[in-house]
Each structure stands twice: as structure tokens, then as C-alpha cells.
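Listed next as C-alpha cells is one chain, alone, in the form predicted alone.
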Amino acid sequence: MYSFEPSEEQKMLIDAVRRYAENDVRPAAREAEETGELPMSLVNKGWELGLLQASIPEEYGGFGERSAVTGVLAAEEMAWGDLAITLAVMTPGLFAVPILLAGTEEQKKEYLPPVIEAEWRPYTAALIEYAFDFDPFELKTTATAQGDSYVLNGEKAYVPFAKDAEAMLVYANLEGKTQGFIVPKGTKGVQVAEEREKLMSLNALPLYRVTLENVRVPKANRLGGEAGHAFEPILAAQYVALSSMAVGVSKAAFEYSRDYAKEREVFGVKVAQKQAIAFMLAEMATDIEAIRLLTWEAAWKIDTGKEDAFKEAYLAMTGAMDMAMMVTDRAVQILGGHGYIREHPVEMWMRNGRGFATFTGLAIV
């Protein structure tokens, strides 16, 4: 059996993340969303908390061991402050964690220390593609073996910090299997769009379209080397990361709407005393707790190497997508007309909640 009691180290880390989210991230969230500009000093402060560094062993520049449970606990707390800033802080993990999970010893020694030992730097990954039926197991981007190289062709969407990336991990279809390929900065054939992606939310996060035209990388740059790697553990780590962030965003919306309903009077009665509103709040709280526990269980199964870890992570993410949309939408409803204006943050959280169905590939723990 597993315990729901965090270790002392986890408690210390989560407390630090909670203070950062409450005192630094939440106050900056609205301005970052409106201006489309990330406060990089705030991103660097989040990086200094050492979430990724604590997941990397000492021999590769870090100071700990990876724990998906610790990762989801921290991601939830930070996303409670703001989703875009959280994704920015955690972007280097998109490059580093898959290398830790599936890379060769040579790849770990070469690529992990530069990410971990320095200040926050834009290392990233490209998974998402433009397709209504996007399936990470059936990518349109292709990798073809040619001599001592692989040639990549395709188009990727929502690639964070692509314009300034030191390196990116590109996922492509190689003979029917999704495989990762390390593409260093300046590789010929990588074209990053000049303009950022325009989404309904995450306006502060710089996301770009990336086109790959005959991009040639050495065979040594295939994640896992010549033998390649399993994709499911990487995708499972992405699912639980996003699921925990969905819980964080939903918790923020729930708490705000709950407190508003307890204080706001309509025709002499507190909004929270109206039965329809009380039932809404109860269902919101129940669904948040259910997905939180499912996410924790999936993360625990990842850490303990259970065979059904991927299935549990997928279920957590599927449930989190629906839960986040329901909770954030009802938060707007509870505020009535006030929920639709920018004076209150619930409309921003609802836009974030709607996006989780398309965010696979933007976070990992």
C-alpha cells in the first residue's frame, strides 16, 4: 500500500512552491496574460526552487532522484498560481526528463548537465501537431534513416520557446513508432515561425510553430541510441503533469467562486445559500478531489514501475480534462455577470481549463 502522507522533504518543497505561487505567481498572472509578456525574473525565481534539479541524480548535475509524486504535488501548487508561468518554469524538463528516462548514458552525460547546472535556459520539446485527430502514437512528422543520420520532416505546433531554444527534442514517426530526436540549436532545416501562436489562453507563454524540412541529425541523437526507446513512460509523465496542473487551476477557480458566493448577497441572501449554487460547489469540490487522488495514484504507479502506470496516467488526464472544464465553467456561472469580465480571474481560468485537451506535450514531471 502507499501512503498519502508526504515525506519531510516533499513537505518542505511543496511549502516553498506554495509560497512562490501565492506571493509571486498569482499577483503577476493577469498582467502577464494581458500583455503577453512573461516576467523572466519570476521564471528564474521558480527555476531556483530546484524542481527539475531535484529530479536529476548528482552524476548528471542534479541533486536528487526523480519522483513523479513529488512532481505532481509541486505542479499542482504552482499551477494554482498561474498555468502559463508554471509551464514556462517547467519547460526545460520537456527536454531533460525524457533524456533521463530513456536516454543512453552518453546522452545523459552530454545533455543533462548544461540544462541543470546553469540558470533557466530555453530547452524544449516538439510533440503536438496540427491535426484534429492528433495522436501522439501516430505522428505525421517522419524520421527516415539515411546512412549515419536520421532525416526529419514535418510540422509541429505549440513549441514553447522554440525561437530561442538551445536544443529541442523532436518526436517523429520512425517505422510506425514514436521516437525522440535531439536537435541542437542552429540545425539546418529547422524553421521557426516569426509570430507566436495565437491561442484562447496561455498568452504569456511564447509558443511557436516549427517546420522541419530535411533536418538531418546523427544517429547518436536518437533518444535511447540505436535501440530507441519506449514512448509510453514519457507520455505517462506528461499526462500526470498536466492532470496535476488541471487540478491546480480548478482548485483556484473553485476557491475563488466559493469565497465570492459566501460574501456576495443577492436580494438579501448570500449566493452560497442558494441550493443550486451549493450543489454546484459541492460537485466541483468532489470532482477536484477525485482527479487529485487518481493523479497521485498514477504518479505512484509510475514511481514504483507498475505495469498499468500508463493506463492510470491516461485515465487521470482524461478525467482532468473534463473536470477542469466543468469546474472553471461553473466558477464563471457562480460569479454571474462578474465572471465574464476581466476584473475577476475566473474567465482566464476557464480559458485555461478549456485548453487542457490540447496541451499534451507542454509539461512533464
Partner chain sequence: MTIEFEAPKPIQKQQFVLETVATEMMRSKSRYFDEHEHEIPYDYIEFMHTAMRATGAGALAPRKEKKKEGEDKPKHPPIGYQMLAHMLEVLSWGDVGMYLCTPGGGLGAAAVEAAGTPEQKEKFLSRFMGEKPTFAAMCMTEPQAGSDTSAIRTTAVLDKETNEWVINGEKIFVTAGDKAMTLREQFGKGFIVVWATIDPSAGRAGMRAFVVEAGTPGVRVEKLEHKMGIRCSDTATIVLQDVRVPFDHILGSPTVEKTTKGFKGAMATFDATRPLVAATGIGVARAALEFVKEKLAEAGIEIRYGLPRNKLTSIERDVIDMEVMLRSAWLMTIKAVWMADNKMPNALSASMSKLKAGDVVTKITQKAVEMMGPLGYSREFLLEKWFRDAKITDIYEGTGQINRLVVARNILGYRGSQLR
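Keep in mind that this is a model prediction, so the values were computed, not measured. Residue numbers count along the first chain shown, from 1.
Not pictured, yet referred to below: the form predicted in complex with the partner chain.
Taking V217, L294, V190, A157 one by one, only a single residue has any non-hydrogen atom within 4.5 Å of the partner chain in the predicted bound form, and it is L294.
Contact with the partner chain in the predicted bound form, judged by any heavy atom within 4.5 Å, is made by just one of R258, K108, R209, K251: R258. In summary, the region of this chain contacting the partner chain in the predicted bound form, judged by heavy atoms within 4.5 Å and restricted to 318-326, 32-40, 54-62, 335-343, corresponds to 318-326. At a distance threshold of 4.5 angstroms between non-hydrogen atoms, K306 is in contact with the partner chain in the predicted bound form. At a distance threshold of 4.5 angstroms between non-hydrogen atoms, W120 is out of contact with the partner chain in the predicted bound form.
Under a 4.5 angstroms non-hydrogen atom cutoff, the partner chain in the predicted bound form lacks K163 among its neighbouring residues. Put simply, E283 is close to the partner chain in the predicted bound form: some heavy atom of it is within 4.5 Å.
Contacts between stretch 93-115 and the partner chain, counted in the predicted bound form as any heavy atom lying within 4.5 Å, involve no residue at all.
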